[in-house]
Structure formats: C-alpha cells, structure tokens
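Below you will find one chain, with nothing else, as structure tokens; this is the form predicted alone, and questions on how it binds or moves follow later.
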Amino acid sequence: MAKSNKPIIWGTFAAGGTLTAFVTPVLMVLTLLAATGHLPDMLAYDKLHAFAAGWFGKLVIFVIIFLSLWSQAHRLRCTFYDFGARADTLVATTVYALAGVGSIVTLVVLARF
C-alpha cells in the first residue's frame, strides 16, 4: 500500500472545522454582549488581556487560528475543484502555502505580544 499524506490533511481539516464550528458562535455571542454592554465581569478587557499574554492563552489562540486556517485551506481546495479548477497541484500548493504563512505570522505576532 502506498503511503499518503491524506490523514494529516484530513485530520487538520476535521479538527479545524469542528473547533471553528464550536468557537465561532461563542465569539459572536460574546461580541454581541460586549457591543450592548452586557459582558460579564469575568470577560473584562484586563482579564482577557492577562489571559492572552500568558503562555497558555497564546497556545490556545495559536491552536484555534492554526486549525481554522488549515481547515479552510482544505475547504478552498475542494471548492476550487468543484468549480472546475483541475490544476489541483497548483491550487493545493497555493492554499496550503497561504495557511502555512498565516500560521507563521500568527506565531510571530503571538511571540512578540
């Protein structure tokens, strides 16, 4: 049986899609609460900033962004194929390279923060 890198791609796609599906609605509700001034004291700016400045907060932020980027890269690859772009090598290289660049930029920004 020939070796394949599909489990790695599908694993990040599944994990990123699941994480994004659970986290995005929560972030939308929290944004709505913050916009209307009904944000709980536990989620005040100072406390969120302190969480994001710590190593665990940075790790959480990185994992969420990393998995979301790779999940959406794979989704874009499938979408391009569905729309008739049959240059799969070019599309795959482009979308995964963009996800890689986004992951590196996220890592650099979090390291400087």
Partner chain sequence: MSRRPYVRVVPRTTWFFRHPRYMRYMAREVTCIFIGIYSVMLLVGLVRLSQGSAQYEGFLAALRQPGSVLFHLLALAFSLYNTFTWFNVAPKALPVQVGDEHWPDSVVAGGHYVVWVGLSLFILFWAGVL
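Residue numbers count along the first chain shown, from 1. Bear in mind that the values here come from a model prediction, so they are computed numbers and not experimental data.
The form predicted together with the partner chain is left out here; the points below concern that form.
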| query | Is there any non-hydrogen atom of Thr93 lying within 4.5 Å of the partner chain in the predicted bound form? | reply | no
| Can any non-hydrogen atom of Arg112 be found within 4.5 angstroms of the partner chain in the predicted bound form? | yes
| task | Considering only heavy atoms, tell me if Leu59 and the partner chain come within 4.5 Å of each other in the predicted bound form. | result | no
| Is Val63 a contact residue for the partner chain in the predicted bound form, using a 4.5 Å heavy atom cut-off? | no
| Stretch 11-31 - residues with a heavy atom within 4.5 Å of the partner chain in the predicted bound form | Phe13, Ala14, Gly17, Thr18, Thr20, Ala21, Phe22, Val23, Thr24, Pro25, Val26, Leu27, Met28, Val29, Leu30, Thr31
